[in-house]
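Quick heads-up: it's one chain on its own, the form predicted on its own, in C-alpha cells.
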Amino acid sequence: MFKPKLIQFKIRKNRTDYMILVLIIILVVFGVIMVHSASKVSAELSYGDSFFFTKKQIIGAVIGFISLIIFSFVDYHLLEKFKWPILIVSIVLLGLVFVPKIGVENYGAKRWLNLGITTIQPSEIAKFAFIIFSASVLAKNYNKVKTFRGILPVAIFGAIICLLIILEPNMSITMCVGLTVVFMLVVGGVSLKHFLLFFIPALALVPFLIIIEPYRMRRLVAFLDPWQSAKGEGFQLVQSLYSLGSGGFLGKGLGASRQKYLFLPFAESDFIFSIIGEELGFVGALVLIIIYAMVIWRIIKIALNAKDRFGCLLATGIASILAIQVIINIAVVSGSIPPTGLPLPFISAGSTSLVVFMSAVGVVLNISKQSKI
C-alpha cells in the first residue's frame, strides 16, 4: 500500500469527504447568483433576455452535478486504464478548433467547438486529461522519475497540449497547463537537474510569446501603467480596479454593481471577481477566497491519504490546477499580473469549465472514498 512519507491526515475509512461536496455546492450556487447579477444588463441588451447567461449556468451546474455524482461512484483507476484514449481525444478536440465551420472564433481566438446545440472549450478538457495521463505515467515510473526517459512522456505531451492551446491563441490556459506540467514533475519526484532543463527554456519562452504578438505587448504595457491607456488597452483593468475599490469593506449590496452596466467587459466570466468585490466588498471576497482555500486544503489531505501513488498524484494535480487558476484569475482582476482571460472555477459563466471542474471533484470524492488511514 502506498503512503506518502510526509504528514499523514486521518480520513475515516471508506467514507466520502462530504465537506468538499458541501463547499462545492456553495460555490456553484453562489456562482449562479453572481453570474445573473453580473450579466443581466448585458444579456438583456445583447439577447433580449436578462436570464440568458443564468440559464446556461444553471444547465451547466445540473450537468456538472450529475457528472460529479457519476465520477464519485466510478473507480478512479478506470481513468488510469483509459489514459491514452482520454489524452488522444483531448488533443484531437484541440486540433478541431482550427477546422473551418467546426471551430468557433470569437474575439480573434479559435477556442470553441460548435456542437450544434451548444459549444465546448476543448482546452478545459485537455487540462484534466493531462493530469490523468501525467499522474499515471509518474506513478508507474516512480523508480525512473530521476532519469530523463522517465519524465519524457509527461514533458512531450505537456508541450504538445501547450502548443495547440497557444496557437488558438490562449495564453492564460497555456500558462495554467505549463505550470501544471512543472508542478506534476516536482511532486512526481523529478531531479533538480532535469527540472531546470525543462523549466528554464519554458520560462525564457514566455517573453518571446509576448513579444511576437502585438496585442500581448500592448497588454503588458497597459498593465505597467493602465491609466496611460485608460480608454484603450488599459480600459478593462482600470474598470476592474474601480469595481473592486468602490466595493469597500462590506460592498454596495448584492445586485447593486454599477460596473456591470457595460463598463466592465466580461463581467460575468473572466472578471466576475471584480463584481463580487464591488457588491459584497472585501469581506465577501475574503470569504470566497477562504472557501477556495478550504477546498484545496481538503483535496491535498485526500491526496496524502490516497491508497496508491496514482490516486495521490491525481488528487494533487486537481488541487494544483484549481489553485493555479484561482490565483491567476484573482491576480489579473486585482492588477497583480498582466490581464489575461481565465475563468474563476465554479463561479465564472462557462458551462465547459463548470462541468469539467465538477467532474474532477467527483474523482476526488472517489479517491476519498477509497482512502485508508
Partner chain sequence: MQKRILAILLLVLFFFVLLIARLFYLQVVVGVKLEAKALSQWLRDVPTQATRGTITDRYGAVLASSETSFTIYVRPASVISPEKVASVIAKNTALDESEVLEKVNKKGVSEIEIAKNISHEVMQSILKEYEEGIIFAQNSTRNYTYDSLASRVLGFIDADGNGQTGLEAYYNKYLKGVNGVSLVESNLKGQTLENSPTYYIDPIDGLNIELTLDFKIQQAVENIILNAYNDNGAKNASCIVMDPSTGEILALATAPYFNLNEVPRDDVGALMDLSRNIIISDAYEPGSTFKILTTAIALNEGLTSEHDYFYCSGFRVVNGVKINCHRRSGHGSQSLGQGLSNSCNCVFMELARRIGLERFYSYLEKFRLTEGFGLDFFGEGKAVTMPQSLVTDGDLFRMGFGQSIAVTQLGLINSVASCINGGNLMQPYFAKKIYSNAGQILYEKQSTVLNKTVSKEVSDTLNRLLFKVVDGGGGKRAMVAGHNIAGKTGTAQKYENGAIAEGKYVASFIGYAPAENPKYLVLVTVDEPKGAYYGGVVSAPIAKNVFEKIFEIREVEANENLEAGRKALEANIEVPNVIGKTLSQASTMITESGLTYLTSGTGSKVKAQIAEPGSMAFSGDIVLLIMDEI
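Numbering follows the first chain given and starts at 1. What you see is a predicted model; the values in this text were computed from it and never measured.
The discussion below concerns the form predicted in complex with the partner chain, not included here.
- Taking non-hydrogen atoms only, G189 approaches the partner chain to within 4.5 angstroms in the predicted complex.
- The partner chain in the predicted complex comes within 4.5 Å of a heavy atom belonging to L304.
- Heavy atoms of W227 reach within 4.5 Å of the partner chain in the predicted complex, making it an interface residue.
- Interface membership of F249, defined by any non-hydrogen atom within 4.5 Å of the partner chain in the predicted complex, is confirmed.
- Here the marked residues N114, P122 and C162 all miss the partner chain in the predicted complex; none has a heavy atom within 4.5 angstroms.
- Scanning I69, I63, L45, I26 against the partner chain in the predicted complex with a 4.5 Å heavy atom cut-off leaves one residue, L45.
- Out of the listed residues L254, A109, L197, I289, I289 is the one that sits within 4.5 Å of the partner chain in the predicted complex by at least one heavy atom.
- Checking 31 to 39, 342 to 350, 49 to 57, 315 to 323 against the partner chain in the predicted complex, the stretch whose residues place heavy atoms within 4.5 Å of it is 315 to 323.
- Contacts with the partner chain in the predicted complex, taken as any heavy atom within 4.5 Å, map within 257 to 281 to R258, Q259, Y261, L262, F263, F273, G277, E278, G281.
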